[in-house]
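Quick setup: one chain, the form predicted alone, written in structure tokens, and binding and motion questions come after.
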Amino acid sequence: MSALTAEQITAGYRGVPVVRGVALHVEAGTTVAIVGPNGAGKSTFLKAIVGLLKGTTGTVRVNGTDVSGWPTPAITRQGLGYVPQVSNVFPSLTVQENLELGCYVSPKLYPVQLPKVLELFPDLRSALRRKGGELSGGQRMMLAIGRALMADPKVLLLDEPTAGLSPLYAQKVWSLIGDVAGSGVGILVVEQNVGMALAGSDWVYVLTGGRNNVDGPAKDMNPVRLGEIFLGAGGGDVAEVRRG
């Protein structure tokens, strides 16, 4: 059973659809990436899955439970975590306070999850009393991911976690994503850096024009042809996108 299944998701803003009939699934302990040109609907799709957009149609299942139309806090309780690209930490609160807020849906998880999160993100251990706004961009992303993990999600959605980071920190974030997946959490990540997405993921979905274009094992994807699809934002030939 997939940790996350989305079928025929259509969503947008003010009644105008941005994504149309998009579908994917994420297995527990795997990393799935969504790539595509700017404006393809990648971030909109994540917001639709987590219940942040009204008027979304389609079906979303988390661990086999249909959460379609549920409010975001209820979806979070079911095991779906979400880290947006911006405004993902509280800058005026300490690192520890940010992590505490990650358990707002289930405060009893705090003493259980805190040691696990600090083990995954040792940089946060020495910064527990620092304000979120004092952290570097890479550290803030670690805190944002760590806070989402405090709720013990079964699936974690990450929206462009390496945006604006140095190449060194971007690589570090992807290494940590692998560690999180290795703990059994399913990861769905939107990533603009195609090379990193292919190197760090098990499966890749390509969105163009708000629709599924092609998907397949990351190791079989050809980055050159992906670039051609991005520029043309067209249908493409699946057989040409995959290596071999």
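Residue positions are given as counts along the sequence shown, with the first one as 1. Source: prediction; values computed, not measured.
Separately, the form predicted in complex with a small molecule exists; it is not shown, and the next lines address it.
Taking a 4.5 Å heavy atom cutoff to the small molecule in the model of the complex, the contact residue among Ala40, Val26, Val189, Val206 is Ala40. Note that among 30-38, 181-189, 57-65, 196-204, the stretch whose heavy atoms approach the small molecule to within 4.5 Å in the model of the complex is 30-38. Every member of the trio Tyr13, Thr44 and Gln85 reaches the small molecule in the model of the complex with some non-hydrogen atom inside 4.5 Å. Proximity of Asp123 to the small molecule in the model of the complex: non-hydrogen atoms within 4.5 Å are absent; the residue sits far from the partner. Within this chain, Ile229 is remote from the site of the small molecule in the model of the complex, having no heavy atom within 4.5 Å. Using a 4.5 angstroms limit between non-hydrogen atoms, Glu160 touches the small molecule in the model of the complex.
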